[in-house]
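Read the single chain below, which is given as structure tokens and is the form predicted on its own.
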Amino acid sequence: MKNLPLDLSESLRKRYLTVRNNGLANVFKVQDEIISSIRAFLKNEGFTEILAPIIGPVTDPGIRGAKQVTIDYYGVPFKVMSSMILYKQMIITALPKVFALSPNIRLEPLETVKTRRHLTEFRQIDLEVAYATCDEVIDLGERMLCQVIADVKAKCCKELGERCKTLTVPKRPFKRYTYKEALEILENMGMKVNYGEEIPWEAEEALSKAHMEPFWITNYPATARSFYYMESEESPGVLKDFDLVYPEGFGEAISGGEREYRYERLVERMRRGGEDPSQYGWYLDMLKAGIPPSAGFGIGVERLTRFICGLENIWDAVPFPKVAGIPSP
């Protein structure tokens, strides 16, 4: 707590006063249009909206240093969802194209406040498509983002204010870099990232600031990501996955990829990554029963709002923000 800005702590603790700011009201009107636009787009693409789980025996372990929350559920330890990714693999056995407005809880390290884009409670549009490839859901993500920005500019220019003049619909297709290429660019910028590691937040922000259009980073190494991503047959150790990064320093937008659906290979990935398979009973039983291959992604609603509105801080992109280290209402 002592390392957090006093004005931020005071502002969030007294949200019942600061939420009355007219600028925030405009942000939330834009956010309403963002969610409506995404829903309309995905419905038009043949998706079915489902209700997301909030608690369960296990949740996504790939949360970059954040801690999970555990509760006592009738004598059994249950997790509060950090991501519904494992559940998306379950539901596509019944519905081939699904999405949910999914709430997530992650106890982020205190230093994440400095990034201005981390919340401990956030929502994302989580979607999954049976039998899809990375290229297909990348194309879907590009079209969705372009449609949302076009809709918001058309319907919320007054609420956006000056941002409406600088916010443009990106040109497709977006630029793509492999993870290896991204590391080479960073090295040329004087930032060394060891191969096999997740790209640090400050390096990701530097890449983002160097671009004026969104771009993809693909094919992360298996050591940088969790067990549910599929490895490339042609390049073992390299994943069929991707991140979309906003330009202008706004950072990561989307994370996703193709899912490993084969029991033996997934258990091997778990063990290599230090996960205990015995903690994932229902999930592994599901894989034994057989599920289809799939691909999907999650896009954070608050981060998308922050980017579209051109906000400095993500806690201004949500009515009731929860920030690491600040117990606010």
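Numbers for residues come from their place in the sequence shown, where the first is 1. The model shown is predicted, which means the values in this text are computed figures rather than measured ones.
Same protein, other form: the form predicted in complex with a small molecule, not shown, and the subject of what follows.
The single contact residue among 215, 87, 122, 99, judged by any heavy atom lying within 4.5 Å of the small molecule in the predicted complex, is 122. You can rule out all but one of 136-144, 111-119, 70-78, 169-177: in the predicted complex, only 111-119 has residues with a heavy atom within 4.5 Å of the small molecule. Contact annotation: residue 314 falls within 4.5 Å of the small molecule in the predicted complex, judged by heavy atom distances. Taking the partner from elsewhere, residue 132 is found to have every heavy atom lying beyond 4.5 Å of the small molecule in the predicted complex. Heavy atoms of residue 106 reach within 4.5 Å of the small molecule in the predicted complex, making it an interface residue. In the predicted complex, the small molecule lies farther than 4.5 Å from every heavy atom of residue 33.
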